[in-house]
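Just the one chain here, the form predicted alone, laid out as C-alpha cells.
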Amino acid sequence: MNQEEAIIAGQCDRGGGYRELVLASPRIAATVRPGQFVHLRIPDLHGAVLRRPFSIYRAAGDNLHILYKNVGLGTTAMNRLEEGRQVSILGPLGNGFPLELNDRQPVLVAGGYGVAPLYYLAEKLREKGRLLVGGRTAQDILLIDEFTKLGWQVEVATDDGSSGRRGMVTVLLDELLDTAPAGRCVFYACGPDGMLKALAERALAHGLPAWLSLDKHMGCGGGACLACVTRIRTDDGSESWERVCKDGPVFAAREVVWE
C-alpha cells in the first residue's frame, strides 16, 4: 500500500449523473490489480475526516481512472476538482479478482456502476467472455462500447425496459444458466448485495465458481477500524468475521454468509 499525492489529470461527464475522474498516480497505477480500490481524501470537504473508497476502472500508464456517481456531499465536492489539483490517496487496497480461469469461460455480472472494476478485469483476463449488466434505466448502463471494443459479448437488462431486456440482470443470468454447457462458467460480479446474493445462490446450485466484490461502508480502508466486517464461512464450516477492506473486497461466493 502506498500513500500518494496524486494530481487530477482530467475529469469528464459520462451521462446520467456519472463522471470519470483521472488521477496521475504513478506508484499506485503501477501495482494495482483488478478488483482493488483506492481511498481518496476529498479536498474542501469541510467537517468530513474520512476518506472515500473507489474501485479502479482503469490503470493505464501513470494514470488511474475512477467512475463515480454524484449522490452526496463527497461526490458533489469531487465534481469541482480541477485539473492540476493535488489529492491524497491510499492504495492499492484489498484483494482483487483471481485471474486464473482454469479452462472456464468468464462471465462478468454487474449492477449499475459495479461495472467499473469489471472493465479492468476484462482487460486483464486471457480470454474474452460475456458481460451481463443491469440497471434501473438506460442511463445506469455504462461502458458498453468499451467492453464491445475489447471483444466481449454484452447483454443488458433494465428495470424499466429502456435498454435491453426488461427486468433485473438475473433474467439474463437464468437464461445463460439454462443454455451454457455445464461446468464451463466462472462468474465475477460487482453490484448491490441483492444481486450478489442471487448470483451466489445460482452459482452454488449449479456447482459453478463465483467471485463477488462486496461493498461496505469503510472507515480507515486498511483493516484497523473494523467498520466493514462481514460474516464468512470457513473451510471447516464455522463462521468468522472478516474485513471487506483488507481481507476482501473480493470473496468466493461459497464463503459469504448473507444476512
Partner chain sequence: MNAATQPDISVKLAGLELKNPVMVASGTFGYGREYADLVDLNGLGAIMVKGILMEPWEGNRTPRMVEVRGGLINAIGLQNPGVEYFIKEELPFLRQYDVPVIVNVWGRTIDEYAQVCARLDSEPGVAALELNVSCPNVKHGGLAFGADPAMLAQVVKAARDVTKLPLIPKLSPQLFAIGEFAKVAEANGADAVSLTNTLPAMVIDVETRRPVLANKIGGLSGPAIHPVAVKLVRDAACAVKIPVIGMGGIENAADALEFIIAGASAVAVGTANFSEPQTALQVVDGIREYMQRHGFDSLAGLTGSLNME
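Numbering follows the first chain given and starts at 1. In this text the structure is predicted, and so the values were computed from the model without any measurement.
Separately, the form predicted together with its partner chain exists; it is not shown, and the next lines address it.
With respect to its partner chain in the model of the complex, the three residues Asn2, Arg51 and Ala224 uniformly fall within 4.5 angstroms at the level of their nearest heavy atom. Contact check for Arg41: a non-hydrogen atom falls within 4.5 Å of its partner chain in the model of the complex. A residue is said to contact a partner when one of its heavy atoms sits within 4.5 Å of a partner heavy atom; Val229 meets this definition for its partner chain in the model of the complex. Taking non-hydrogen atoms only, Glu239 approaches its partner chain to within 4.5 angstroms in the model of the complex. Residue contact check for Leu90: one or more of its heavy atoms lie within 4.5 Å of its partner chain in the model of the complex.
Judged by heavy atoms within 4.5 Å of its partner chain in the model of the complex, the contact stretch among the candidates 63 to 71, 28 to 36, 211 to 219, 197 to 205 is 211 to 219.
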